[in-house]
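A single chain, nothing else alongside it, follows as C-alpha cells in the form predicted alone.
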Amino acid sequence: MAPILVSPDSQEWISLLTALLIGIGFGFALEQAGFSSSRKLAGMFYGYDTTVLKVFFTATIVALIGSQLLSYFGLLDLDMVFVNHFYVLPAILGGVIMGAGFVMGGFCPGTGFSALSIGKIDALFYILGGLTGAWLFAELYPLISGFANSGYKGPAKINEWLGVSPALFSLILIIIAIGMFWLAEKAEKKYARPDITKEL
C-alpha cells in the first residue's frame, strides 16, 4: 500500500483509496497505450510490435533508478519495500502457464481488465478463465501444497544472487535494456505487418 504516515484509525482506508486511484490510473494508461488490443500484445511474440517490451522495460528502469535515488536522498527506506518470496519450481511452472495464457489469450491479467473496461468480449472470457484457474488452485491447494511451497529461497534479489551492488546491477540492466530496444527495432522492421499495425 501507499507509504502514507497517518493515524492508525485512518491508515487502512487511505491506503486502500490510494491503491484504487493508482490502479485506475494504471488501467487508463494501459488502455491509452493500446494495451487493450490483444493483437498489439500478441505482436510481441511475433515480432511485429514490441511496444510491450519497450514500455515495461522502461517502467522497470525508471522504478529501479527512482527508488535508488529516493533511497540515496533518505526519502525511501528500501528495507521496508516488500520483496516477493521466491519458490524455484513453482515460479518456473507459473511462468510457463502465464506465458501460455498470454500467447493464447492475447492478454495478461492487467491488460485483460483494461480491455474488459472498454467492453471487449474476448477479455471477458480471458478474465473468466483466469478466475476459474484461481478457483481451481484454491480448491486443489491441499493436494498441491507440497509442490507449491517447494524450492523456497526467501525474498531473493537478483543483485544479491549475482553478488553485485544494487548500483552495478542497475547499470547492467540499463545496458541490457538498450540492447533489447535495439533488437526490438530490428524485429519490428523484419516482421512488420502494415495491415495489422494500421488497424491498431
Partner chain sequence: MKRKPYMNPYLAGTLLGLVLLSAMFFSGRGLGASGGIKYCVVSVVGAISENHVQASPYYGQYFEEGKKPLKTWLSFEVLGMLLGGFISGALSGRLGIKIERSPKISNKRRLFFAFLGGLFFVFGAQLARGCTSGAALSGMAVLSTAGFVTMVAIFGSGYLFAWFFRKNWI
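Just so it is clear, the model here is predicted, and its values are computed rather than measured. Positions refer to the first chain, counted from 1.
There is also a form predicted together with its partner chain; it is not shown, and the following applies to it.
Evaluate residue 16 for contact with its partner chain in the model of the complex, applying a 4.5 angstroms cut-off between non-hydrogen atoms, and reply yes or no. Within the cut-off, so yes.
Is residue 136 near its partner chain? Define near as a heavy atom within 4.5 Å, in the model of the complex. Looking in the model of the complex, residue contacts with its partner chain include residue 136, since a heavy atom lies within 4.5 Å.
Heavy atom to heavy atom, is residue 82 within 4.5 Å of its partner chain in the model of the complex? Residue 82: contacts its partner chain in the model of the complex.
Residue contact check: residue 192 to its partner chain in the model of the complex, 4.5 Å heavy atom: Result no; residue 192 lies far from its partner chain in the model of the complex.
Which residues, if any, of 85-118 lie within 4.5 Å of its partner chain in the model of the complex when only heavy atoms count? Contacts from 85-118: 85, 86, 87, 90, 91, 92, 93, 94, 95, 96, 97, 98, 99, 100, 101, 102, 103, 104, 105, 106, 107, 108, 109, 110, 113, 116, 117, 118.
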